[in-house]
Structures are given as C-alpha cells and as structure tokens.
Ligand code: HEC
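Just one chain is shown here, as structure tokens, and it is the form predicted on its own.
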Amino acid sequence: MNRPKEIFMMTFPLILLLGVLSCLYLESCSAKKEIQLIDSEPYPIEIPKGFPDIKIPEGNELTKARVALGKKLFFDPILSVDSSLSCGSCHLQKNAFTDLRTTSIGVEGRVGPRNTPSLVNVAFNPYFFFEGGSPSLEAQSLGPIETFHEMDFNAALLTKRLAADEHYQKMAQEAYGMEMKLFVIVSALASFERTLISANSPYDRAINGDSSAMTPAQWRGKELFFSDHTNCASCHPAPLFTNFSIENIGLEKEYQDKGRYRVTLKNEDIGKFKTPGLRNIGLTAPYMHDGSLESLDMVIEHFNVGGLGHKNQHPLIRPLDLSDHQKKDLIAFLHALTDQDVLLKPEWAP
C-alpha cells in the first residue's frame, strides 16, 4: 500500500463524517422551515418482543411516503456515478442484504477493502461502519455513494441529477414537503433501512414457547453459546446478538486495515472492529471485516484456538478446547438464528 492511499484510508472516515454532518446541518436548518408534509401517514413498524426501541431523529419520523422514497432510491443505480450500481447491488435480500463476496465490488469493477455487512436490524445500531465512524443511518447513507471503491459519486451532482427527475421531485414533496435535496436523499434511505427488522428465527420461536422449533443439537449449542465456557454471549448477547462494542479479536498479527485506529489514531485501537450481530449469520458468508473466513467452521475454529495473539486482542479471546461435537452444536445454534422471512418479504424486494 503506498503512502498517499494509506493516509487516505486513515483519514477518510473522519473527513467524510465531517462533510456529511456539515451538509446535513445546513440543509436541516432550512428544511425545518420548509417542511410541510403532504403525506404523513405513519409507517406501521412493530418492535419485536425484548428488542430495544428504535431511535429516530426528529424530522425523519417513519411515514409510508418516506419509506417508499427510500426504497426506490435504495434499488436505483442512479445513485452511482455511472448509473451502474444501486445500494441493492451489494445488499441483496436473497442473501440477508449482503452479497456473499469476500469484499464489495464497486463501479468499474473496483474491489473494495471490506466485506459487505448485512443491513438486517440496522435500525438498532448506535453507530455505523466497521470502525464505528458514523453516528447515524442518515450520515452513513452518504458514505457508499461518495466512496471511490463503491459508487464514487458526488453529493451535489447526485442531488442535481435527482432534482431533474419529475417523479423523484414529486416523491420528495410527498415525503418531506420540499424539493429533492441531500437531506431528503439520506433521510429517505435511512427510513427504508429502518424497516429491515428480523425476529422470526427458530431461536425466537423456541424461546417464545415452541421448544420443537430448535433441534436437540441447536439446544445444546445454545447452552454452550451462553455458557461461561465460551463467553460468546459476552459480546453477542440476545436479542440482537451483539453488544455493539469495538474489539480486536486477534484476526491478524499485523493489520493493514487498522479499524478503529482510522478514527481515533490511537495505537490501542489498531485492529478493533465493530462486533457484528449474529442474526441470519448462516446466510451471510464469508465473515469478518475483510471476508477472510469463508465458513462458520472457520469462524468457530478461529475462536477455538484463541485468535492469532495480536497485542490489542480482547482478553476473552482465548483457547476454548472445544470438541468436534461441541463445534458442530455451536454451528447448529448459529443456524437457528436464521429468519427465512427476511428472504421473502415483498415489501423489502425491488
């Protein structure tokens, strides 16, 4: 990696975040004066039992018109510089809103540095990107659009392109009571993404009274997952199966992608990445921020041996000495977190 690219990779999240927040702040100031909702019918969304509340910013309350606009934008390649890729190109419903690639592929076939994360249950996340560099879904939405390895577009030019579309202008007026602008684009995208909620896996049915929903192997795996032996639930607690912490799990001895360090520039943050939720994990291989572990067997074995021993490695990452039988039970339980509804809901389809 050459030096200019390395500097860009370290500073880009902070530069992008400051730019996004500045744009959104300036637009939201004028937007609050301009907003006169035409269609304010609420979007019906049900928070699953035991899940936390969704924090929705003032001015972007969920309505049917906003979700509809966000969905149209999400699946429209108009968001990329050459109109070749949409958000849905990398976040496919059939793959639980991932793409099954090691790392993402952007415009002109550009290979990105990171694995595409699932968007299911993203509404509950307190921050975004693997290094935790974005504080909201609204701010995050612009990241892929402007990133060189993804859509490689410019916010101002995108806004101009969409503003020239009469249908988009009409939808913007219906959803936000204003003309098409950056505030509308990122707010609508965030609105659609907040509807992607999953909580109907065999695990969910089992803990809600249907003991037959999980197999004996899955029940054994559940006990092992929540045990002091593995401590899996310390970082992946129910119901979302993540505590949203940013940790180093000893994936590498030397990290090219330095993770959280790109935001803080603190050496103790090298190799730290956001703890992912495990729901639907059986559908989202390969795994880790760089897609370097191809299967759940490889993931379990990584934790079983205790990682590679990086100096910032979390103390809970230690040898587990699991038997082959225990490894299979753990994997069986992880498959019990698969919600087939995610693949079938027509309201999430293009």
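We number the residues from 1 along the sequence you see. From a predicted model like this one, the values you see are computed outputs, not experimental measurements.
Heads up, the form predicted together with the named molecule isn't pictured, but that's what we're talking about next.
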May I ask whether E131, I145 and I300 each come within 4.5 Å of the named molecule in the predicted bound form, counting any non-hydrogen atom? yes
Note which of L283, I317, A68, L62 lies within 4.5 Å of the named molecule in the predicted bound form, where distance is taken over heavy atoms; exactly one does. I317
Residue among K181, K222, K274, R194 with a heavy atom within 4.5 Å of the named molecule in the predicted bound form: K274
Within 4.5 angstroms, counting heavy atoms, which one of the listed stretches 81-89, 197-205, 166-174, 211-219 is next to the named molecule in the predicted bound form? 81-89
Interface membership of V305, the named molecule in the predicted bound form, 4.5 Å heavy atom rule: no
Contact with the named molecule in the predicted bound form for F74, defined as at least one heavy atom pair within 4.5 Å: yes or no? yes
Do L278 and the named molecule come within 4.5 Å of each other in the predicted bound form, heavy atoms counted? yes
Taking the shortest heavy atom distance, is S187 within 4.5 Å of the named molecule in the predicted bound form? no
Taking only heavy atoms into account, state which residues of 283-304 are within 4.5 Å of the named molecule in the predicted bound form, ordered by sequence. Y287, M288, H289, L296, V299, I300, F303
